[in-house]
Every structure is written in C-alpha cells, then in structure tokens.
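Here we start with a single chain on its own, the form predicted on its own, put down as structure tokens.
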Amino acid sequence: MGAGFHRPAALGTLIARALGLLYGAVMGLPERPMRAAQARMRGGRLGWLFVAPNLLVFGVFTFLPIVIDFWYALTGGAQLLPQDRPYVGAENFRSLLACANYLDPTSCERDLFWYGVWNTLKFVAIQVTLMIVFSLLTALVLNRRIVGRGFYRAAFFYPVLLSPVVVALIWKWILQRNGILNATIQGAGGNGVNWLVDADWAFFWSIFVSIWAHMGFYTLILLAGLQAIPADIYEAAEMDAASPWRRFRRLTLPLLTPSLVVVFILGMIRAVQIFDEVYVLTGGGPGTATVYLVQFIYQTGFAAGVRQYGLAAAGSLLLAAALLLFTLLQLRGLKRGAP
C-alpha cells in the first residue's frame, strides 16, 4: 500500500522536472544568438537590435503616413492613389490661406476652413481654461480627508473610461428635444429648449461635454502632483500663521507648476483635436457653429461628394505645425521661468 501510494507523487515529480527542463531549454534558445550578436555588435549597437521592432512599427504606422500626408498636400485632384495625383506644389496651402480679411471667414476662398479655425481657437481658449480650473479645484478637494474620498475619485475618473462616441450619445439623449433635461424642465413648469439647434447653446454644450468626459484624467495628474508635495512644508507655513490662500498661492501653485504645464499642454492638444464628441452630438451644426478644424479635415477628405485629399492633408499639416509651434513656445517659456 505504501509503495503504491507514493507512485503518483513520484510520477508527478518526474513530470514537473521534465516540464522544468523543457521550459529551461525553450527559454535558453535565444541565448546563443544573443551572445553571438553581443560579440559582433559592440559599442552600443546591440541596443538597436532591441528597438528595431518598435522602430519598424513606428515607421509603418507613424512616419510613413506623415510622408504620404506631405505628398498628398503637394498634389491635387480627386484620385486616391499617389501615382495618379498631379503635382501642384503649394496650391493647396495657398487655397486654404487665401483671405481678404482673416477675421471674416466669408471673405476667404475656403470659408469652412476659417470657420473651423476661429471656432477651434474659441473652443480651446474657453475649454482649456475651464478644464484647468475645474480639474485643479477637484484635485484640491479630493486631496483632503473627506468621507468617501475613494468613491469620489473613481466617480470623477469614470467618464475617461468611456468611448467619446458613447459619451456623445449619452448627452445627445439627455439634450435632444424630447430628452431628459427638457422633460425635467417641463415637469417643473418651464418650457423646453432646443439645446442642440440654437448656435450658442450648441457651442456651450460642446464645451461642457468635453470637460465632463476628460476632466477626470487631468484631475488625476494634478492630484498626483499635490500628493508629491511634502507635508512638512505646509506644517512650517501653519507655524508661521500663513493663511490658506497664502499657502495656496505661495506654496501649492509654484510646486504644482510642472503638473499644471503638463495638464495645459495635453489639454490644449486634445482640445485642438476635438472631433468625436462634437461630431456625434451636433454634427458641426447648427450651421457652422460647432465646425472645428478636425471636422473640416474629415469632411473635405472623406465625407464630401468630391473628396479633396490634398486640401485635407494641407489642413492637417497646418494644424500640426500650429500645435508644434505653440507647444515649443510654452516649453521655452517654462524653461525661462524655471529657477
């Protein structure tokens, strides 16, 4: 009985050892090729072997599309294949920038592009400012010892996990003529409002929905920055009888500046590229009230009856250049202000 009882255990041990040897052999297969590569590729060149797969992916899906975008911007016609498109030089850029008065989009050759430019600038100025203010206030509150702090942190971050299309559909369901918001107003004795038909209200709700959807992400960055500030600094300030406002202005804001800069740059880039939520929510309407730059690029290159790929590519390059320039100026200003 004793020998028979130990046989399964012995068999299991043998199987485990065999699997261990097999695993070690499989894991040791790359050792010889890597040793040979290390012997031949000296002087730091071995690192290129490890980054080559990532460089290949970036080259195919990032750098190559950029090159193709430049080619489309310098060519004309409605043909899709690059070899079928005639070279026109800077004609697409000239067409986009041709204006008698840049403050009046109706005087521009491509008026929809300039409606998108001014709407985007207005959107970025308001949305980014409010985003930073609300994210900072929320982070300051969530950094305090309040009841249910973990729940509130999760609740504020939850919209970030939703798809922009889902966010837009939820708010469209709330804001439509027979939606929940109007039902609530009418139930209280008021009159319903065409929230998405009135130009001013449509622009307001595009900003509100964007802030609601993304504020949790920036709040998380600022909350991490607040928690990285040493507590003994505030204790010393309290001992000096500094007021809460003075502590916030002299301690919190300066020490939180790097996080605020990150939030500002990321928020600006996301705001300039606004498309998904607004396109589903308003479709760019009413009229041109919520037409933004990315929507112009999409409509011109993919949704128009005659698809003008060159104009769309030129618009995307102008947008990228503006983003790059603004980001570099912001970083340069940060370096100058650094001690």
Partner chain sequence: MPKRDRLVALAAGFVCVACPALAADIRIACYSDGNECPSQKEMSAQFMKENPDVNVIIDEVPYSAILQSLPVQLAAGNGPDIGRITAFGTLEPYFLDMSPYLKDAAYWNKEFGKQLAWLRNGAQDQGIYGLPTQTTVTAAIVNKSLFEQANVPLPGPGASWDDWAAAVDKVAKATKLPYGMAWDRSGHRFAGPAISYGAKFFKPDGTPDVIDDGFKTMAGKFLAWAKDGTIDKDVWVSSSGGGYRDAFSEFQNGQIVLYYSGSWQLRRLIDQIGDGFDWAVVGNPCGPAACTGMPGGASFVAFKETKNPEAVARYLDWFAQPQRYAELMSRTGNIPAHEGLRADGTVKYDLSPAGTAAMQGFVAAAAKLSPAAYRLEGYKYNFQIFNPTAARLSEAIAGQITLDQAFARIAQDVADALATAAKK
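Positions refer to the first chain, counted from 1. Only a predicted model underlies this, so the values are computations on that prediction, with no experimental measurement involved.
Not pictured, yet referred to below: the form predicted together with its partner chain.
**OP:** Look up in the predicted complex whether A90 has a non-hydrogen atom within 4.5 angstroms of its partner chain, and give yes or no.
**Re:** No.
Original post:
Would R177 show up as a contact with its partner chain in the predicted complex if we use heavy atoms at 4.5 Å?
Top reply: Yes, R177 is a contact residue.
**OP:** Consider N101 of the chain shown here, and say whether it contacts its partner chain in the predicted complex, taking contact as heavy atoms within 4.5 Å.
**Re:** No, N101 stays farther than 4.5 Å from its partner chain in the predicted complex.
Original post:
Could you tell me if T257 has a non-hydrogen atom within 4.5 Å of its partner chain in the predicted complex?
Top reply: So T257 does not count as contacting its partner chain.
Original post:
So which of I185, I233, V197, V166 gets a non-hydrogen atom within 4.5 Å of its partner chain in the predicted complex?
Top reply: Spelling it out, the residue with a heavy atom inside the cut-off is V197.
Original post:
Just one of A289, V294, A313, A271 has a heavy atom within 4.5 Å of its partner chain in the predicted complex. Which one?
Top reply: Residue within 4.5 Å of the partner: A289.
Subject >> Proximity to its partner chain in the predicted complex (heavy atom, within 4.5 Å), stretch among 79-87, 133-141, 249-257, 233-241 >> reply: Going by heavy atoms within 4.5 Å, the stretch is 79-87.
**OP:** At a 4.5 angstroms cut-off on non-hydrogen atoms, which residues of 149-169 are near its partner chain in the predicted complex? List them in order.
**Re:** Contacting residues: none.
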